[in-house]
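The chain below stands alone and is given in structure tokens; this is the form predicted alone.
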């Protein structure tokens, strides 16, 4: 049984006040993600990648079809599905350890267990010395390390990441990509990441899923062997990057296709 499964999922948003007509942004998506995979979602802007992530997280519900995690339909958010957003999701009036503790409190983790979990998580992301610092003195990369530490402390089964490093400089982004892969390998968790960068997808993934332009459909899939050379200058890496790039024009973006459905 797949850990995450989208079954014939269509997502549409109301286009009029009467709520009688809706614009389709995801069109009949069928996707299975096994436990322990690192899957990246790529495709043009507006193709519904983030919507897929939101459906798995439970922030939104499908218009048609179902989303299941561990065989149960997703109907609301859950700590088992931790999310790292593109924006830095830290409360500015709390220090680093308090931001993480708040998540543990919401998860009903006993008070006497919190300090140990926080300390261990901050150690993994190399942020222990900043436990008492507020977010305003941290760089963008450091803030995202704290967000990663929060997921580790929460012990979420599934890591959901919405372009978490896109606002960072290239050097910091590459380092955090390496770090998140190491954390994923050591934890055995399942990871799903949205990215616009084919190079980033090739660096971190076990599988890449490509979406068409809106309404989003799955039009391509690449499984990456564990032994693949992830050096961006290697022949294997460059060849696969070019292959994936060549698929991008196959997206029906030039047709500006839009599909509408009536809501009864």
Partner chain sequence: MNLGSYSVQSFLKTLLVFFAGIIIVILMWELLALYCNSGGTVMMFPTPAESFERTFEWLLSGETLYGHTIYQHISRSLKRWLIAFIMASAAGVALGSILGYFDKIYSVGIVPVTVLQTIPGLAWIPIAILLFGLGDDAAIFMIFTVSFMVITINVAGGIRMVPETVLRAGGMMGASGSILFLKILLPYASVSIINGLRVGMGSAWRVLIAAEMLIGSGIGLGASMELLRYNLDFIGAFACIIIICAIGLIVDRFIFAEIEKRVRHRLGMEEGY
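Model, not experiment: these values are computed from the prediction. Numbering follows the first chain given and starts at 1.
From this point on, the text means the form predicted in complex with its partner chain, which you will not see here.
When its partner chain is considered in the predicted bound form, residue 107 lines it closely, a heavy atom lying within 4.5 Å. Under a 4.5 angstroms non-hydrogen atom cutoff, its partner chain in the predicted bound form lacks residue 191 among its neighbouring residues. Proximity of residue 182 to its partner chain in the predicted bound form falls outside the 4.5 Å heavy atom cutoff. Of the heavy atoms in residue 151, some are within 4.5 Å of its partner chain in the predicted bound form.
Highlighted residues 210, 239 and 247: none comes within 4.5 Å of its partner chain in the predicted bound form, counting any heavy atom.
Across the options 23-31, 192-200, 58-66, 218-226, residues that bring heavy atoms within 4.5 Å of its partner chain in the predicted bound form belong to 58-66. 134 is the sole member of 134, 120, 126, 175 with a non-hydrogen atom lying within 4.5 angstroms of its partner chain in the predicted bound form.
For the partner-free chain shown, 54, 59, 60, 77, 78, 79, 81, 82 of 48-82 come within 4.5 angstroms of its partner chain in the predicted bound form, judged by any non-hydrogen atom.
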